[in-house]
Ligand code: AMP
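Let's start with one chain on its own, the form predicted alone, as structure tokens.
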């Protein structure tokens, strides 16, 4: 892995692929600056060495040039977070863009316009990638969230640079995933939530060769319950995947992996935060009731297991945490992971809903590492080589 520390940035102009795809409100203000903050260490490292930074990113999914998705809208926020002046280029390629980058002094930071205003970006166009490479002398990829896309700026342009490396964020993301998938301290535990077994098949298959324990939560549970002959009431369930669920339990047994399902669940008589609540045995959910969270006994059992483990991956909530009345299972598991981390375990949280949950419930500082890349992390867990990472090797 070529890192920032292996390059001297004095008098170099670094083109940094950052992930500034941040949420904006109706006033076009940044509502969650996490991704900008995550790029700060890389940018500051290069500036401290006497280099300059050309920042390239996408924002949203524009069909054409859309003023609401211009990176000009976030320039002031980027400057505030970095603590240095940041200028903005209305173009990301072409003579004007190249003239602005060429004039950038040491210590300067220039944010280029939204890459996706050009359809060539997502097509991975070679000519567009070469034009982007004219913006600097060193290529730094620090956008883990887009590393699974073979786009012009994330993958293709790397070939035009002799000097290229991982940014600090990308390096941390890759090392965190390797810690779970390759060199984690045993016992290793994966906690997988989410609605559908079908969407997690490849991840589960991949993890069975890596972990000692697997907790299954969320809507996936009820496909297993039905497969094992239980009653699921009105709970979410994929009958077509019942056979697969049984195969999975068998495969895990053969590989010496223990799969843990909730023993009880909190159910509602409607899909609503205000629904009547009852706790049922996971195998005995009556008609008219929909399981929406792990129950209190399950949380106790999970807590005991989590505290025994040394490496913990969490991807997906335990239930419908968006409803405060059905969030206790997700909160309890998060608190347990926090305590295990305090005792010395390594914990990695990834996937949009899990990350949203830890932030919502104030658990983010209790975890070892929170991934910024949803899709990229999932593909890493599936064992895939990400094109944005292989382009730097």
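This structure is a prediction, so every number in the text was calculated from the model and none was measured. Positions refer to the first chain, counted from 1.
There is another form of the same protein, the form predicted in complex with the ligand; it is not shown, and what comes next is about it.
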Sort through 152-160, 115-123, 314-322, 298-306 and report the only stretch with a non-hydrogen atom within 4.5 Å of the ligand in the predicted bound form. 314-322
Ok, 230, 233, 219, 268: which has a heavy atom sitting within 4.5 Å of the ligand in the predicted bound form? 219
The ligand isn't shown here, but in the predicted bound form which of 282, 176, 292, 165 has a heavy atom within 4.5 Å of it? 292
Using the partner position in the predicted bound form, report whether residue 76 sits within 4.5 Å of the ligand, counting heavy atoms only. no
Taking 4.5 angstroms as the cut-off for heavy atoms, does residue 199 touch the ligand in the predicted bound form? yes
Distance check, residue 108 to the ligand in the predicted bound form, heavy atom within 4.5 Å: no
Is there any non-hydrogen atom of residue 194 lying within 4.5 Å of the ligand in the predicted bound form? yes
